[in-house]
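The form predicted alone is given below as one chain in structure tokens.
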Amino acid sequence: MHHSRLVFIFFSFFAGAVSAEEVQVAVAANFAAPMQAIATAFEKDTGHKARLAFGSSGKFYAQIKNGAPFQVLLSADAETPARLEQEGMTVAGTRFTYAIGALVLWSASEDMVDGRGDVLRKGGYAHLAIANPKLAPYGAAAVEVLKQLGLLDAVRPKLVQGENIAQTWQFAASGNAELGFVARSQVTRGGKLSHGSAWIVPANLHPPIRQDAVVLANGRGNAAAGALMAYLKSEQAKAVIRAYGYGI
């Protein structure tokens, strides 16, 4: 009895090891927290493992062009995956929008930001953090908002740039910048503001932050890559994505 159980356990492990694969995933920094939750559930539900790297979409584009071994890209925009597709660097027919991002003006101070973002105009702050608009779509959206409000020139001397939205959030969270344009997902839990004060920027002040995922050429034939793309469309994943303040 004992011997046969051991054989069964060994066989089960061996069978699992054969069918389970790993996928290397490049994830836009704004999507770090929800993707960690999704990756944990994905491994539990499918046996496949997603290895995650976080950064700015522009930097990932350069790394992928230079042969980085990523197999799936979850971008912070639609343009980067589309460009890689045009350049023959993706698996055709795999690109889709996994989330619609939301931009917030946020401060770690409880009473700094009002519900309409008037603090931008009133002043009383020395630094405003934004992500590098050349590399990070959330940074480009922040610049567009400042243009729409007619404030870009006035606040330009106060701008501090993060390389990506994660670094931008760190500037604001540490108080090195009193204000920051960050992703709603970074400062909300279960649909509520986790701490500090925030203005959820009206969607009409910037183009939609459509976040697209795509299987890269390196991921062709990788079972875990295909399974992850399917999992991102599942109700389980969508519930996590919504809980972090994204649209779908």
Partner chain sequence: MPSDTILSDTALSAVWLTLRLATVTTLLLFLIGTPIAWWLARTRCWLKAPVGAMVALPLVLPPTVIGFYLLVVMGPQGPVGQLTQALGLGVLPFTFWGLVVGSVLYSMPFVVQPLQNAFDAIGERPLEVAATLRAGPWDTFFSVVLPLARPGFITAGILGFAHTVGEFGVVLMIGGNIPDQTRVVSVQIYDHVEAQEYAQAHWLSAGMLAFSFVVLLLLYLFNPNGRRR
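None of the values given here were measured: they were computed from a predicted structure. Numbering follows the first chain given and starts at 1.
The form predicted in complex with the partner chain is left out here; the points below concern that form.
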| property | result |
| --- | --- |
| Sole residue of Tyr61, Phe54, Phe70, Trp199 within 4.5 Å of the partner chain in the model of the complex, by heavy atom | Tyr61 |
| Non-hydrogen atom contact Val160 with the partner chain in the model of the complex at 4.5 angstroms | yes |
| Heavy atom of Gln167 within 4.5 Å of the partner chain in the model of the complex | yes |
| 4.5 Å heavy atom contact, Arg83 and the partner chain in the model of the complex | yes |
| Proximity of Asn132 to the partner chain in the model of the complex, heavy atoms at 4.5 Å | yes |
| Contact stretch among 116-124, 144-152, 94-102, 169-177 - heavy atom within 4.5 Å of the partner chain in the model of the complex | 169-177 |
